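Here we start with a single chain on its own, the form predicted alone, put down as structure tokens.
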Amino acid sequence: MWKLRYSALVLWTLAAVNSAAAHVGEGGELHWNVEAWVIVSLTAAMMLYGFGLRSMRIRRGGRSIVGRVEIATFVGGIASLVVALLSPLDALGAELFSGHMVQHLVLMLVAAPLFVRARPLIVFLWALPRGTRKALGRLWSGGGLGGFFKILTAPLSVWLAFCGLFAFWHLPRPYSWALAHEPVHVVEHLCFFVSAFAFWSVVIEPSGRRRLDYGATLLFVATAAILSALPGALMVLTSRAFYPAHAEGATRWGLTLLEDQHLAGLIMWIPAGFVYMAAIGILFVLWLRASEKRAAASLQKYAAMSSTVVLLLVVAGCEEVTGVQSPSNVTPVPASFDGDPGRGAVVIAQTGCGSCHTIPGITGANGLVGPPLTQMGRRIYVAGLLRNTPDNMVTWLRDPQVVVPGNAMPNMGLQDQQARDIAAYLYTLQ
């Protein structure tokens, strides 16, 4: 499906370019826009950003909150605004509906995310005098602006504004209204840029404090992508021209009004779709990584809880046994059990069991890390879980992590016979 859409876009674009190229010079000349308010606004933003960076570094001893990536993305954002508002693209947008759609996409899908990543608001604040920053802070926290801003920037509010404004301004009447009145046209572009800035702020969250986790953000982007693609699909599939204001411009560029509209629909549908798909792909990868981290954290928590439970059980078992059960209740060692207590004492000494446990009869076995093994032969449980039988003792000695995962007893790498010999010795401790 994507291949079909891409092929259609390429063929349509080539046809439009060829047709347009044949008519350039007959009218609709492309030129740079020199509107003073746009140039002054962009210049003021760059100067404010520069002052903010300088002030930040001076007052923080050469350290800056923003780095090279933020500065580069700010420059990229300014450049994309120049392309959208001052370059010949602006003049092309006045002629062709398709050119106008490219202008809108640059504002929403290029300039807005670049500025979000640049975090310019922090730098702008540092450009202000300290007293002004404090006054703004008091107004923000005490004047209720913070609460109002929080409602406006809630993900649901942002999603509704982004999708709603996008759909509204592409309806034929609001679009024609904006095209006919320059102040309304400015408001239209501000709506696109501000709503897109809020939208990509939720997606990117450059501060690291996410309002939505990655899974919810993926849904946030995917639903917006679907709704944003609908107007483009409608423009492509219909046989009716919705935007007669571009009739004259389309004719000058050798296109019919419907051809221009179809091209605009493909531009809205496919290139914009690639941007959303890229964002969804990145969010999916980040979502998987976050899930892996949560799973690892849960496993560590489970291991810690298991160790705690085992420790409590061992302590309870020790308390139960240190009272010593009656010799008559002790489970006798079967005659078939072939452990050798003498060899067991040697193995205990060789493996260093005494560094953790106090073991009667073993020289230097006075460790305090684990419970003392005094009267081990008369205890009810092994490790607080297994009934104290020779076979269970051997199982525990050979692989304690299988019996109780995460407990403090390491795997000593004992052979079966070595474990049997140690068990035989421990059963002599009555």
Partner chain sequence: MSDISMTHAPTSGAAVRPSPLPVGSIGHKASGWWGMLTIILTEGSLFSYLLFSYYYFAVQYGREWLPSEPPKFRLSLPNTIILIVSSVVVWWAERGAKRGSWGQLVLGLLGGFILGCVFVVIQLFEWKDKPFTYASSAYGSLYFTITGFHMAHVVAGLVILLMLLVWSLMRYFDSERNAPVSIGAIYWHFVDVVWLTVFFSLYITPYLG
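Just so it is clear, the model here is predicted, and its values are computed rather than measured. Residue numbers count along the first chain shown, from 1.
Omitted here: the form predicted together with its partner chain. The next part is about that form.
For the spot marked by 172, 238 and 242, is every residue within 4.5 Å of its partner chain in the model of the complex through some heavy atom?
Each of the three qualifies.
Though its partner chain is not shown, can you say which of 302, 274, 168, 149 has a heavy atom within 4.5 Å of it in the model of the complex?
Comparing distances to its partner chain in the model of the complex, the residue within 4.5 Å is 168.
Just give me the single entry in 230, 184, 212, 71 that has a non-hydrogen atom within 4.5 angstroms of its partner chain in the model of the complex.
For this set of options, the contacting one is 230.
Hey, of 119-127, 172-180, 186-194, 336-344, which bit sits against its partner chain in the model of the complex at 4.5 Å between non-hydrogen atoms?
Single hit among the candidates: 172-180.
Is residue 161 close enough to its partner chain in the model of the complex to count, meaning some heavy atom within 4.5 Å?
Close contact is absent here: in the model of the complex, residue 161 is far from its partner chain, nothing within 4.5 Å, heavy atoms only.
Residue 91: heavy atom within 4.5 Å of its partner chain in the model of the complex?
Outside the cut-off, so no.
Residue 234 versus its partner chain, in the model of the complex: is there a non-hydrogen atom within 4.5 Å?
Result yes; residue 234 sits at the interface with its partner chain in the model of the complex.
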